[in-house]
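Before any questions on how it binds or moves, here is one chain, the form predicted on its own, in structure tokens.
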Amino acid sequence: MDSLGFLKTRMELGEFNKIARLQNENFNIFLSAYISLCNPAKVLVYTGEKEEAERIKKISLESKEEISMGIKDHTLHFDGINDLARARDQTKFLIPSGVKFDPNLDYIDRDKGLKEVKDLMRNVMAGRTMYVLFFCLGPVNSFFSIPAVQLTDSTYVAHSEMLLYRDGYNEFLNLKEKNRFFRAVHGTGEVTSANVSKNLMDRRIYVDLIDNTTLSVNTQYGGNTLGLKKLAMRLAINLGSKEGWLCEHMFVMGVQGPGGRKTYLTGAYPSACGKTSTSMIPNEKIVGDDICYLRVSSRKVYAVNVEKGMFGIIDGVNAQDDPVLWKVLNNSHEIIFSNILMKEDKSAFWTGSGFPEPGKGINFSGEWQKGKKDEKGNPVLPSHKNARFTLSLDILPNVDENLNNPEGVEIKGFVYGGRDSDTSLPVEEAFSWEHGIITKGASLESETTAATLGKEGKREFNPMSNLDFLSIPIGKYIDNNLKFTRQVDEPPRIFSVNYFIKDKAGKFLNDKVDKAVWIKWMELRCSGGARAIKTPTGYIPDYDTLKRLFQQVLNKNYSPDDYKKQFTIRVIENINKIDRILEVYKYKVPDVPEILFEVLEEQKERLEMFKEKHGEYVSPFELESVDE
């Protein structure tokens, strides 16, 4: 029996006809294989119709994968107490034996890995419904577009992706290259009495670069199960490397400049480092908060948001620091909350919300009351640090009008940021594209957060904030970035930011809202409208410019003392960082472009000379501003 004939025996006629219309044998073979393997009792197909979406959301509530909350269209999902973040150790690439692969990236022999994960997925959907969902990564009808399909038995995953991604059924109907689409398969696995994945020891998240397929099983957390998010990002990095474009872990935003000008920036920060809150700065425009595709066209750099929604960290979101997002989260819009606490009145509570902490409620641990402890005797927080919200960007008042522009938006600046308590300045511009890619992007370090399983506060090497998702060797990835703008007349400027710099007593030197000023300075620099001070590591703002911007943007007086504390150049710390980065690239990363070592050694040399002239800690007031 051929694949289409098999599908007809396993699907209701109306659902089968949706598949048959595609006239795509490659797709039929894929779907047949996983229906046969996972053995669902029923198959439902989502093509983007409103009735299909409402049916899935209704089933999600009936099955209690989601719970209705007090505000209309708000629902709540819980993951298991040990399934609340990306499972790094159980996420691997499937690489054919004999193929050289970067030893820094987690991988397993493809044949062995496929057998292992398929054994775990055999009959995983028995008695359940498989949902077949068609989406498009990037705007539809665009040279950025990549069609994608998700197979899952989770209505939470299905509902989430309906909010996050553009409908793609028509993309499949019009597909010219019949095999150029991404595939994602997810099975929840056996569940506990609380309806969460039970066999976490058998949790697997495998990425097959040969077939552009991601496979996940025995997990529910979105970062492990939303196949079109970070899992498809890994596929896109690999495909982009072959085709000459970039997939990056970046927001895209439009920053308002003088005279009605708008400048588009992209920014890469590790999770929980301020990426979403930066993309949501009041009075600016958001195109996307997480993943973008970048291409060169007409000798300029253009970007699109891969998604049309947001799967954001909610911890710390409050009315003062995040007014736009705060208002949306507390009004009647379609939002899925995950792993927060639902109070007795069915309202939401999360850490840092500004609401008084309740005495009891329901959270990821079940019934919760103040003082509750886990099996190890540790306090159970009312809301997890990695609690999330999922929404469609079109409900945001500050969404950019070019969100779905098939041409994308022209990018004038790249921003790299992370958690760094003692070295990097709040904002700094690189000397050139190569200098920025190497010293700001490829040298990025960040202190770990609750977004990944493991110890918090550990300084980790994380080039371009993309190490967890790289599907090509690190050296090749850096080389791709360096070469990306060779056909560009004016490459985007490159900046670094650090919202987490502290003084010697451990006190943060910036307010959360100060990022709005750093972004405005970057916009001015991209248009040649601001002076700067040259340091051994790049250009920094001069005091007079920042004083004016703080007044204009935040209506806040900015003192010389604050400027001096924040922008004092920490020479020793910067030299130590270069030594750490050089150690990594010399001994742990193969096939690194030689220019990386040259640029880092030159920067170290500048710092050594600077130290001899000015000392180990240098006030910016000792340096002169320049027009460059």
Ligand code: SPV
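Quick note: we count residues from 1 along the sequence shown, nothing fancier. Since the structure is predicted, the reported quantities are computational estimates derived from the model, not experimental observations.
Just so it is clear, the following notes concern the form predicted together with the named molecule, a form of the same protein that is not shown.
Engineer: Counting only non-hydrogen atoms and a 4.5 angstroms cut-off, does F182 reach the named molecule in the predicted bound form?
Structural biologist: Because no heavy atom of F182 falls inside 4.5 Å of the named molecule in the predicted bound form, the answer is no.
Engineer: Contact with the named molecule in the predicted bound form for R86, defined as at least one heavy atom pair within 4.5 Å: yes or no?
Structural biologist: Yes - in the predicted bound form, heavy atoms of R86 and the named molecule come within 4.5 Å of each other.
Engineer: Would you please decide whether Y477 lies within 4.5 angstroms of the named molecule in the predicted bound form, comparing each non-hydrogen atom pair?
Structural biologist: Although the named molecule is absent here, Y477 would stay clear of it in the predicted bound form, with no heavy atoms inside 4.5 Å.
Engineer: Can G223 be called a contact residue for the named molecule in the predicted bound form at 4.5 Å between heavy atoms?
Structural biologist: Contact check for G223: yes, within 4.5 Å of the named molecule in the predicted bound form.
Engineer: Looking at D290, D153, E161, D79, which has any heavy atom no more than 4.5 Å from the named molecule in the predicted bound form?
Structural biologist: The residue from D290, D153, E161, D79 that makes the contact is D290.
Engineer: Only one of H74, K229, H384, K520 comes within 4.5 Å of the named molecule in the predicted bound form by heavy atoms, so just point that one out.
Structural biologist: None of the others qualify; the residue that does is K229.
Engineer: If you check in the predicted bound form, do H249, S271 and F311 all have a non-hydrogen atom within 4.5 Å of the named molecule?
Structural biologist: Per the other structure, all of H249, S271 and F311 touch the named molecule.
Engineer: When the named molecule is placed as it is in the predicted bound form, which of 506-514, 522-530, 436-444, 215-223 ends up with heavy atoms within 4.5 Å of it?
Structural biologist: Contact-bearing stretch, as computed: 215-223.
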